[in-house]
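Just one chain follows, in the form predicted alone, and it is written as structure tokens.
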Amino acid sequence: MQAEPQAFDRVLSSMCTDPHPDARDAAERFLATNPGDPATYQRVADLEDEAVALLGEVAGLADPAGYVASGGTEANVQAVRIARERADSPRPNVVVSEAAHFSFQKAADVLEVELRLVPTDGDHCADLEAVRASVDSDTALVVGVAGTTEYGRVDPIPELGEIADSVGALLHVDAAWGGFVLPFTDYEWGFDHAPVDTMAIDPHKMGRAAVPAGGLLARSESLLDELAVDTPYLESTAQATLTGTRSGAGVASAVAAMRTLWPAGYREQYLRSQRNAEWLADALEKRGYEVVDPTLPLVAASVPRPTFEALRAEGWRISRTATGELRVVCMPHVTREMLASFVADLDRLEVRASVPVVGDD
């Protein structure tokens, strides 16, 4: 019997979501094409150019360079690789906050660069004074996060750009999750707000493309030249991607989703997700839990571990932050009815946990 994929009806921890129907259809049609060899697969190569242009429009860059990556991890690794290749120092370092994605640890390990982790401030954003104290003449890259994975916070990107510039470093923004919601907020996060050199921005998260469809954007084509290698046996003569052979499914689905949803559909989606996050935060606060204010559609709250484990046993796919809070991401598939069902289970399980067992002291 053929297996069926897991439904999204109890998934509250993931930053991926059910693809838009147009994206799903496009992914299936372009599944066997390879944008890693654009001279052979010219139609999907043209679509990739359109995907990069659309991502640039979302991120505030009129003439972007880049490609559709496998996800935020690849884009972040490639950004570190670009910075390392451009660095004058034989001992380059990368400065990121402790709220940055774990892919930067992977990048540091693989590329053999020093990773300097700095603390966050009281609002879970990069502490600017700590960043200033950590950069030096060997710093190749300063990283800002625009939508952190644990609390949905946005680092002060323009200020990080000033710090990077002061030591001649590049500035990378990890907007893998936040990139498709931040255009509808007042945050300064994009290429038009700060001297951003590279950015991770993933259509397969809030962009509603099929997995895998990440995005790497660069302010200029010359930055991607640092990644290029010769490809003598292909019709294409050089390649700047990390994975090489890729399915055109991600490229085509990203274009289909953005054509359909940018900008009005994404605006409506963000407003709905943000309202859901605020509703859940309010419901949890009313029940006495400490809640981190959801400035983007992500809720963190101090739900006790026994209750958390009981909710998981009920089938809810939930996760915890590094400091132990319940973490819920209000992705497009998360409805108000779904959250109401989750809260009802939370109430029932808390009541059950509070009832003394016969024979207890």
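Start at 1 with the first residue shown and count on from there. Just so it is clear, the structure is predicted and the values come from calculations on it, not from any experiment.
Beyond the structure shown, there is the form predicted together with a further copy of the same chain, which is absent from this document and is the topic of what follows.
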By the heavy atom within 4.5 Å rule, which residue out of Met206, Ala146, Leu217, Ala210 makes contact with a further copy of the same chain in the predicted bound form?
Ala210
Within 4.5 Å of a further copy of the same chain in the predicted bound form by heavy atoms, the stretch out of 187-195, 124-132, 280-288, 242-250 is 242-250
Verify the contact flag for Val229: yes if a non-hydrogen atom of it lies within 4.5 Å of a non-hydrogen atom of a further copy of the same chain in the predicted bound form, no if not.
yes
Taking heavy atoms and a 4.5 Å cut-off, does Thr73 contact a further copy of the same chain in the predicted bound form?
yes
Contact with a further copy of the same chain in the predicted bound form for Glu28, defined as at least one heavy atom pair within 4.5 Å: yes or no?
yes
Does Ala313 reach a further copy of the same chain in the predicted bound form, with heavy atoms at most 4.5 Å apart?
no
Give, in sequence order, every residue of 97-112 that has a heavy atom within 4.5 Å of a further copy of the same chain in the predicted bound form, or say none if there are no such residues.
Ala100, His101, Phe102, Gln105, Lys106, Asp109, Val110, Leu111, Glu112
